[in-house]
Structures are given as C-alpha cells and as structure tokens.
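Here you get one chain, nothing else, as structure tokens; it is the form predicted alone.
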C-alpha cells in the first residue's frame, strides 16, 4: 500500500497576474464549479484522517480564494503541516498575517523569477517586485520560513548568480529552482524553453551557488532528474513521487497524481468518492505505481539507473513528448553518461 505523504491543493484557478510561463494558464476569474470552503474543509478532514504529512495550498493565487484564511487555520487545527505558494503581488492583509502567525506554516513560497526588471517582465506587472519585497519583510517579521521558487527559461536563467546574491542579502531561508515546461502558456512559447546546453550551464551554476551560499538552502526540483546526493539538491531523489507518495487536487475537486498533469491524468472527483478510496484504488496512478522498464522509450530507455528514477519527472516527460518515463533533462545523463 502506498502511503500518501503530501498533497498539493489548487485552492482556486483565479489569479491576479498573467505570467509568461504559467503552466496552468490561470485567469482573472474563478470557474463556476470550484469547490466551496465547506467542501475544502471536508477534503482537509479526510486528509487528516489519512494522516497526510503535508498540505500545500497553491493556485492560481490562493490568497484570492474567499475563505482561504479559514482553510489555512482549519488545516492547522487538524494537525496538518501546511504551507502555501503565492505570487506576492499584494501585501498580505493583517487578517492573513494573524492567521499565518497562529498557524506557523512550515514555509510560505514566494515566486521570484529574477531581479526586478526581469521579474516584472515575466510577470507582466510593474508592481510585482514591489509587492514581493513587502511580503518578504512581513514574513520575516512573523518569523515564517520563506521559500523562493524560481521557474527557469531563456529569459531569466542567466540571472542566477545575481539573484542568488540578492536572496542571500535579504536572508531568505530556501530557494527552489525548477524548469519551465511546454504546458499552459508555454505551449505557445517553446522558443523560451531551455535546451540541453542551457541545462548544463544551469546545473554547473547550481553546483557553484550551493557551495558559495551555504546559508541559502538551494534545491533543484524533480525536473532536474537523478543526481548524486548533495550535488544539485541535498537529499537522495527516488524518482517521481506522483501517485507514489504525493497527489494533487484541482480547484474543482479532481484528483490527479500531480498538479502539472491536470490536462492529461485526472483520476476521479472527490464529490463522487472518498479520497482514501480514490488514492487506494484509482487506475490513474498506475503509470507510476506499476512501472516496468517495458513502459519506457526515448532517451531513458537503455539507462542503467532506470530502476532508481523510473525515467525522471513524469509531468516534464508528458509535456514534452506525450508519454511518461522519459524526461528530456537529467543531471546524471548530462554529466556522468
């Protein structure tokens, strides 16, 4: 039996920005069939009963959800470890600050895509950087861990050294680096996606930055593939966790292995069945749970380490090729094979 350890919740599809690389292509309005606060409360109760380790509220922009503060507080009361990811466009309200202070989230993620000029260009809003700086100050005053999330593509990866210097100066706690994929809005801007040479440059930069800035917990996301421990990330990565130890629930209640797979791999809706039943019995997780080497094609097919990572990040593989278990980028393949 697979134990569910982490759930990402797409609290709402509504967003107040129009970012170039948005994989969800979120809009400025909510959809009619989004879950209500009461329905989300029931979801959280079920997750608590399943003894889920972490719940991360995402979006869209989760702070735009009417009742978000209620959900954050309720999750904390249930004993769930909670965090959320925000674009930080507007300074967090006093009421939200009060809830954050009481809930003590394990981290609040803030999306920062470069220094001021590059960030505002990518976010298509000249006030975006200013809002982030306000929220960094707010969260530090509350004593909350700040995790900066940066999505890399050709418009910003060259800014990594200067951005690292800035993040060290403002004393953030951690920094997650991830790669843009051809999904959502990026489907129409594939010219901005990195190539293999870009990937190697990014990896070399990450290796240097992790040594030069030990006070920033710099971690490369799953989409960087298999890598030696303490190289581009601290821990050993045992392959894509989607459907193995993690899953996502979109704003309308659809369960899927990963929020980045929402267009292709929806399992069932929480309105129709209990979450535990979906988690334990849905065939939508089988692509990862019942993995065999026979399922693999492409660049990963003949890899000797295939049994360790199962072909890397599945959302990345699917967005590029339309099938699983063949990520286009892999640290080990690029530097050791």
Partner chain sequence: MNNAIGLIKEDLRRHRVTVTLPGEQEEKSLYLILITAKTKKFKDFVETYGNKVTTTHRKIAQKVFGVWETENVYGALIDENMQMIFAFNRDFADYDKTKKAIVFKDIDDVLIDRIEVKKIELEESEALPIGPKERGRRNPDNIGEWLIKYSLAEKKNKIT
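Please read all numbers here as calculations on a predicted model, not as lab measurements. Positions refer to the first chain, counted from 1.
Absent from the display: the form predicted together with the partner chain. The rest refers to it.
In the model of the complex, the partner chain stays beyond 4.5 Å of every heavy atom belonging to residue 154.
Though the partner is left out of this view, residue 93 does not reach within 4.5 Å of the partner chain in the model of the complex, counting heavy atoms only.
In the model of the complex, the partner chain sits within 4.5 Å of a heavy atom of residue 179. Under a 4.5 angstroms non-hydrogen atom cutoff, the partner chain in the model of the complex has residue 308 among its neighbouring residues. Put simply, of 226, 122, 249, 112 only one has a heavy atom within 4.5 Å of the partner chain in the model of the complex, and it is 226.
With respect to the partner chain in the model of the complex, the three residues 41, 68 and 187 uniformly fall beyond 4.5 angstroms at the level of their nearest heavy atom. Partner proximity in the model of the complex, defined as non-hydrogen atoms within 4.5 angstroms of the partner chain, places exactly one of 49-57, 32-40, 294-302, 272-280 at the interface: 49-57.
Residues 236, 237, 238, 241, 245, 246 of 236-250 are found to place at least one heavy atom within 4.5 Å of the partner chain in the model of the complex.
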